[in-house]
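Shown below, as structure tokens, is a lone chain in the form predicted alone; questions about how it binds or moves come after it.
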Amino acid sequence: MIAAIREAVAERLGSCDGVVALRRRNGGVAPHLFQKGDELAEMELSPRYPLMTVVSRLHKAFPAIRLGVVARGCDERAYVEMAKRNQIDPTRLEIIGFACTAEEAQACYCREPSPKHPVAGTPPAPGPPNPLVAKYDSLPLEERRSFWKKQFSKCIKCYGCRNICPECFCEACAMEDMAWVEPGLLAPPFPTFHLIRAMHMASRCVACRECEHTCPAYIPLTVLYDLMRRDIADLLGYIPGADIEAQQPLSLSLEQAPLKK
């Protein structure tokens, strides 16, 4: 699969200013802007990294730049939501998609482990539902509150969940506003810190699961976001990252919003 991706990247470099992908160098792997003439044998597909954040920075810094990006299914979904919020210019981006493996889909409980039009890899079957969500659903209300109180009490307020998220791009972050989150206090007052972020992610979260993978306290953040995406789908019929033409429901008035009856 990596050979097919490298071939596709070499082809795109004929029409793009560069292609954003992972590169192995000096024993490590990091994001890199490949340009014509670069050694593509250094290109890698793993580990996972939210490359759309790199694309966004380049598009903002260089208004004329035309890019390609090597993308998984979750990267493509992130692109859709970022484009709707003017963080990426879709007219200056070509996606070079590849399908995740069956093992990766299982590990991430991913329902869409492939971009819509992958140039490499065979799209695997969707991963299973997150078993922690079913377990949470079975709890009575008071035990649900206790579950989150216990989980959020572990938070060390490192901001890793926010910093890694491709959909967190506010210039002024409410989670640093002392009116909502008191500085220097650990753990953050329950439940403001994580519920502010959950509110902001309500129609943005694309299930990349980077927040949970990054969390040093092992808080099962994707349970919260899986539940939130389910509510948005049930109430508003909206699935983040699914359709670049679909309007963001939380930016609409009550009259415009496609509320389910």
Partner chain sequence: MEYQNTLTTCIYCGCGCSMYVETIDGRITGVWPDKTNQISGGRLCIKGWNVTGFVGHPDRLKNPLLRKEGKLVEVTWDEALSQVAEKLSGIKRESGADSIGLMTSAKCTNEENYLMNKFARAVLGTNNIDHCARL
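Residue numbers count along the first chain shown, from 1. From a predicted model like this one, the values you see are computed outputs, not experimental measurements.
Not pictured, yet referred to below: the form predicted in complex with the partner chain.
Among residues of the shown chain, residue 42 is not one whose heavy atoms approach the partner chain to within 4.5 Å in the predicted complex. By the criterion of a heavy atom within 4.5 Å, residue 32 is counted among the residues contacting the partner chain in the predicted complex. Of the heavy atoms in residue 111, none are within 4.5 Å of the partner chain in the predicted complex.
Contact annotation: residue 106 falls outside 4.5 Å of the partner chain in the predicted complex, judged by heavy atom distances. The partner is absent here; in the predicted complex, the one residue of 120, 158, 83, 132 having a heavy atom within 4.5 Å of the partner chain is 158.
From the list 98-106, 70-78, 162-170, 111-119, the contact stretch for the partner chain in the predicted complex under a 4.5 Å heavy atom rule is 162-170.
Contacts between 73-109 and the partner chain, taken as any heavy atom within 4.5 Å in the predicted complex, involve no residue at all.
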